[in-house]
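What follows is a single chain, given as structure tokens, in the form predicted on its own.
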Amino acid sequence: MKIDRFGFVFGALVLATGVAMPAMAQDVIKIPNIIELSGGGAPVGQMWKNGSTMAVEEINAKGGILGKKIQMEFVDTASDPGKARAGVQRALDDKPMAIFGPIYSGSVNVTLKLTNEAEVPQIMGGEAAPLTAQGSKYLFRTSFGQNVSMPKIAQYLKDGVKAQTVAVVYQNNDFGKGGRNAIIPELEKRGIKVAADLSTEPGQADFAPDVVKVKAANADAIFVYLTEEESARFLIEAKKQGVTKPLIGETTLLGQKVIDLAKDAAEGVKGHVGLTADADNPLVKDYDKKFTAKYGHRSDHNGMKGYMAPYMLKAAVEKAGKWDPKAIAAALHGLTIDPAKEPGILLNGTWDENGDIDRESYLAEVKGGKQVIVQTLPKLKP
């Protein structure tokens, strides 16, 4: 009997009597989890790893999915798109049932065509708007794309902040440029002028010159769209230079990791969050309690995305009624997962024909060292 490393069994091992020997591998489905475990994305990847590990342990404890236990194989992309592509290609050589990850949009961008051509579902964490606009039928989000979140942020800047001018600070990668390219048209639609349009680099440590430029722009508000560690560094520098204008962002500006790193420099930061462990939801509260007890720290949105990925797979396999990549992808398109039936999904979500998700989201503010939800926004399509 030949068993490949992602759990597929070829041939049969038969005893001399002609009776097949039980094969434990037949009861296990291996899922490659290709994420950022080192490099700049390590904090993001570790959160995802912890969340997905906890979910798989829960699923397996209840008998698995259609009688099959899940075993994840973690592959480190080192936060490098080239290594992510190589990891996905190697995984696809063994014809897996699905792939989890990557999380960084740049790494998703160079892998999505591979999974589409191989017809293998890819449940990923990237938020750049163009990812699901490229026609793949096998790419699925665990969180909002920028095409959904940016209109909500722009509306908040208009109605909640009353801003007439905004300085935009973004990261020079697929994630940051996607957010920048999505927010600016939304601001312009609402009559808000972009007073500054500043690009920063991934892994950047010194934000002093950028904060100087932001202050010189004298905008009514500052929209910050950087990944977690860079967000924390920017906030620390902004506090150091005495920035008093509202700092507005998305999930990556208000996440627990940012708050832990920036400490009091994060106080008062506001924005839109698609996922948060601070949501006033009993299932989310239970998840937060379990995660904290297991790992000794709270989960951020990346932990929640990682946790939801196996439950997305579970719901799709059960709807399809079989373990088959094409059937799993087909089942995910148009699928609504109700937490009343599948509590692990935490929040009611629907996936459209592009793999984009629709569910409730939140407006939040950092108060007293934690994220406080100030408003719940409903699904776009009830």
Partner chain sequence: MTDFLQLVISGLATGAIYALAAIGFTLLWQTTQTINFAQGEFMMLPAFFALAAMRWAGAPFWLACIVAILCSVLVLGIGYKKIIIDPLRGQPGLAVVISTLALAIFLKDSVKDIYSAEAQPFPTILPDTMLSFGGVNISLAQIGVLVVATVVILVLNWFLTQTRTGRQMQATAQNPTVAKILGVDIDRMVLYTFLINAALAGMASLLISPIYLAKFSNGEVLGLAAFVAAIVGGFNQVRGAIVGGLVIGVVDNLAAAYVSTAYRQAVPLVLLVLVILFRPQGILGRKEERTV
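These figures come from a predicted structure and were not determined experimentally. Residue numbers count along the first chain shown, from 1.
Below, we refer to the form predicted in complex with its partner chain, which is not included among the displayed structures.
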query: Three-residue site Lys83, Lys95 and Ser136 fully in contact with its partner chain in the model of the complex at 4.5 Å by heavy atom; finding: no
query: Listed range touching its partner chain, judged in the model of the complex by heavy atoms within 4.5 Å, from 119-127, 177-185, 308-316, 213-221; finding: 213-221
query: Interface residue in the model of the complex among Gln155, Ser199, Gln89, Gln71, criterion: non-hydrogen atom within 4.5 angstroms of its partner chain; finding: Ser199
query: Listed residue (Asn281, Thr292, Asn172, Thr165) with a non-hydrogen atom within 4.5 angstroms of its partner chain in the model of the complex; finding: Asn172
query: Distance check, Glu267 to its partner chain in the model of the complex, heavy atom within 4.5 Å; finding: no
query: Its partner chain contact at Lys240 in the model of the complex, heavy atom, 4.5 Å; finding: yes
query: Non-hydrogen atom contact Pro343 with its partner chain in the model of the complex at 4.5 angstroms; finding: no
query: Heavy atom of Lys113 within 4.5 Å of its partner chain in the model of the complex; finding: no
query: In the model of the complex, residues of 37-59 near its partner chain [heavy atom within 4.5 Å]; finding: Leu37, Ser38, Gly39, Gly40, Ala42, Pro43, Met47
